[in-house]
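Read the single chain below, which is given as C-alpha cells and is the form predicted alone.
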C-alpha cells in the first residue's frame, strides 16, 4: 500500500535537519495546499531556501518536485471523494463481500500502527494521564461514537473527563472551562466537519493541547494539533472505516489505565461501591 506524504513525513521527520523539519511542519500545518505551490512559494512560507525544499522532497523518497506534487494532487482528489463517487468503483475481482472488506480493514490497522511511533503514543498517554488538567473528547457525524466510547472508559479511571455532545453552541460554551493544562481529543475524517475546525481553532487559541484522530489525508485541524494520529480509513465500500482509529483509541485507553494503575483501581472500587 502506498504511503501518503503525511505518513512519509511522520516516518522520517526525526532524521530531518532543522530546515527540512521546518518544511515538513509548514506542509502539515497547511496540508496539502502549500505543497501544490511553486518551490519558491513553499520555501518562502517555510522560511527556508529552495534547495532545502528539494532536499526535503528527496528525503521522502520522491524523485523530484513534480512527483511530489502529483502525489499530493492524488491525495487531494481522494480527500474530496464523496460516498456517492465511491459507489461507482468496480467491485473486487476476488468475489464475495466479506473477504475484501476484512483484508482492507486488517491492512488499514497494520499500516496505521506502522506509521505510529512508540514515542508519539507514549507522549499522548502521558498527556491523557496527567491529572492536573481536564480531558475533553469530541467527534464528527460518524466519528463521535469513538469519542464517546473513549470518554466513557477514561472517565472510569480518572476525573475531569468530558464528552462534548449536542449542538455546536453547546461545545463552544465549554471553551470557557478549557485552558493550557487541558487536552482536547478530536476525531475528524474526510469529508471534514467545518464546525469541528472552527472549534479546534478557538481551543488552540486558548492554549488547549489538541490530539487529533484523522485519516491519512489529514483534517485541516492538523494545523492546530499537538499530536496527529493519521489512521487508514479507505475500504472497498462507499463508506470509510474507523476500525483502525478505534483500535488506536483502545490502545491508548489500555496504556492510560496501566499508567494510572493505583489511582485508577481505587477509583473503580469507589465507583463499584456506589452502585
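All of these numbers come straight from a predicted model, not from anything done at the bench. Residue numbers count along the first chain shown, from 1. Each form is matched to the other, and the largest set of C-alpha atoms that superpose within 1.5 Å is called the rigid core.
Another form exists, predicted in complex with the DNA; not displayed. Remarks below refer to it.
Among residues of the shown chain, residue 254 is not one whose heavy atoms approach the DNA to within 4.5 Å in the predicted bound form. Contact check for residue 262: every heavy atom lies farther than 4.5 Å from the DNA in the predicted bound form. Mapping the unseen interface onto this chain, residue 64 counts among the residues with a heavy atom inside 4.5 Å of the DNA in the predicted bound form. Contact annotation: residue 227 falls outside 4.5 Å of the DNA in the predicted bound form, judged by heavy atom distances. Judged against the DNA in the predicted bound form with a 4.5 angstroms heavy atom cut-off, the residues 18, 40 and 52 are in contact without exception. Residue in contact with the DNA in the predicted bound form (any heavy atom within 4.5 Å), chosen from 211, 248, 34, 48: 48. Comparing 214-222, 24-32, 228-236, 40-48 against the DNA in the predicted bound form, the single stretch with non-hydrogen atoms within 4.5 angstroms of it is 40-48. Although the DNA is not shown here, in the predicted bound form the stretch 118-140 places no heavy atom of any residue within 4.5 Å of it. In this overlay on the rigid core, residue 211 has a C-alpha that sits less than 2 Å away from its partner position between the shown form and the other one. Residue 73 shows a C-alpha shift of 2 Å or greater between the shown form and the other one [criterion: core-superposed Cα displacement of 2 Å].
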